[in-house]
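The chain below stands alone, shown as structure tokens; this is the form predicted alone.
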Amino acid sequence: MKRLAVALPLLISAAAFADEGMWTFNNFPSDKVKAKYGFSPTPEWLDHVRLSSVRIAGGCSASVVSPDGLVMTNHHCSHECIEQLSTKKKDFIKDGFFAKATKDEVKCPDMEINQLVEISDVTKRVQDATKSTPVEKFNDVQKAELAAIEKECANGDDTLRCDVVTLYRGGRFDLYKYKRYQDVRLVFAPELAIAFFGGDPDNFNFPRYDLDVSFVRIYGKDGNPAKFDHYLKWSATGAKDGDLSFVSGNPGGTSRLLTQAQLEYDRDVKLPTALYRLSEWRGFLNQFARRSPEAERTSKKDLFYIENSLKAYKGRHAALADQKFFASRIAAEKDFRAKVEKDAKLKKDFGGAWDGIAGAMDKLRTYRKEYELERGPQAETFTWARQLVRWADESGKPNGERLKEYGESRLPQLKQGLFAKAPIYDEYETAKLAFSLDKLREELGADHPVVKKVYGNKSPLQLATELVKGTKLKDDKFRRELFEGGKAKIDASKDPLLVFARSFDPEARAARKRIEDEVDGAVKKNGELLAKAYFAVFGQGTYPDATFTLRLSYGKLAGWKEGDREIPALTNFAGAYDRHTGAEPFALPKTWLDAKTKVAAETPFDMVTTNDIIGGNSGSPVVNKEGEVIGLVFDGNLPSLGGDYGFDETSNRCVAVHSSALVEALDKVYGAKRIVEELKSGSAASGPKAGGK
């Protein structure tokens, strides 16, 4: 692995020369962009791109691309919706989906889209609330203050979502206010065979030939398509090698500001554990899929996510296992620490923060296994059962004392998932629950008190079979009745899955509470101290770690070099047909084979840019300096997988579908002319001008 740029504290000097940074919209370095590319995004330009960018609450990015609420994202970001709408007789994952008219657009059972409308600084209020708070109470006090701020912001309006975002590991707190949209309907999705052409062998690689796209539409309370003043126009010409590019999306999380102790925990415990767990799940899912075509259909979504995560975690671990890179991180921390300790006041105020975090990591190593109770079995019905059991307990508490996910500002999303008309397939649900129970027992040990109490004399398969067969939680109406009946109705229910969830919830809560008090509290308190020290030494002219909130990165279309091999910035349609073998995962769908003489072979297909991205950026629009769509992010390359911990402009690349490929395929392959016309007619309506050159 190539050595990555060090993020702390050398980030400022590195970022001055590299296209590095997932920047917040209220701290975007327009001057740096102008210095390198001769273009300075204006406040109006930034506002327009921000309001045209949206977030899928489940973990992806997207953008509004027409005044009538048409939203563009990846196929894999809508995969769950597409799978939920599919049946044994009509498999939209395999065959694709196209609503030929607005009336044919079908509601996704539990997709929520958020539009960021306002950002405000609440740092002083949050930090004042926790001033002089001891470590063991820090997490509770901070959580209560964040919940209060979010509740005041939403003010009981379910169409709003308010999140206090922790930036710079506690150095700054911003309140993000979103418009919440929960009526989202599927408009178009291609076949999985082209959305994920090349499968796992090509995943995180380049050249690529993927049409990883889907379109959904946001609907208003009146049941009609929602109207948007801000949406992204479509570029008439697309982009070429060397062109300036911006990516507006929601990177899920980076770890560039972690301390040495935290990095060591990731390298030695967190990532190896995750890799082991994911490998086992992949084996289980592959075996289950061989049972029947229906078994393959119902488990394909989970296998896709597992394989994607497995490859990503391998890349992250490889970065931390790189001795030169890790040594550079240690050297950077030593340099930072030396600067703090050289100043008597800084040393007094902040010098103990590193040891405080190291102590927390030692405790996390000790408590990690017990936390498996909080993770719980990985099955949809169990998730619903736990949510209901915990809602019964949390609903009667003051908002600030609830578990975060049950706070008043989170309830609309909780209810949407809980009430979703999502299909449950008994065979698959039983197999997942049995496998999860087997792994939980393996991790905790057969003699663990909770294992003895919960499993009794039953095997994981026997227990899972009884629970799935006997539960009524598969019925969304039953779940709604329980939730709306409140604590009395939930507590009175003898549904076997609810009884099961109750059986070890006290121990699971205790494990979570211990982590929150003894680990999270120390990390947050000392992280805030380190952030203040960092600002005192280096200033605030850099970007914070990613937090699954809206960020803007800048870069250009550019290939890279692997040894003596030059990797080009663009692929084309001809390359996709050349790559077709007829055997999965390199088998183009029939629609593409039939359209071979219709499409322009030289049309750009996929592209790579130097934009700094990470997981969560999937579905992000790539725009030019005019704020027009030139691409759709769906991946990074293999070197970018270490981007969680650092950035190397020479090889880290963002992978996107070229805008020309999207309209060419929609028109010539799928005959989806109404979408093409909507995209192109939208380009005639102007948003704010892009800004000066």
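Just so it is clear, the model here is predicted, and its values are computed rather than measured. Position 1 is the first residue in the sequence shown; the rest follow in order.
Not pictured, yet referred to below: the form predicted in complex with a further copy of the same chain.
a further copy of the same chain is not shown here, but in the predicted complex it comes within 4.5 Å of a heavy atom of D200. A residue is said to contact a partner when one of its heavy atoms sits within 4.5 Å of a partner heavy atom; H317 meets this definition for a further copy of the same chain in the predicted complex.
When contacts are judged by a 4.5 Å heavy atom cut-off, D91 does not count as touching a further copy of the same chain in the predicted complex. a further copy of the same chain is not shown here, but in the predicted complex it comes within 4.5 Å of a heavy atom of S459. Of the residues K487, R267, K404, K107, just one reaches a further copy of the same chain in the predicted complex with a heavy atom at 4.5 Å or closer; this is R267. In terms of contact with a further copy of the same chain in the predicted complex, the residue from K100, K345, K334, R290 that brings a heavy atom within 4.5 Å is R290. Every member of the trio E280, G283 and K439 reaches a further copy of the same chain in the predicted complex with some non-hydrogen atom inside 4.5 Å. The partner is not drawn, yet in the predicted complex one stretch among 509-517, 216-224, 144-152, 580-588 has residues with heavy atoms inside 4.5 Å of a further copy of the same chain: 580-588.
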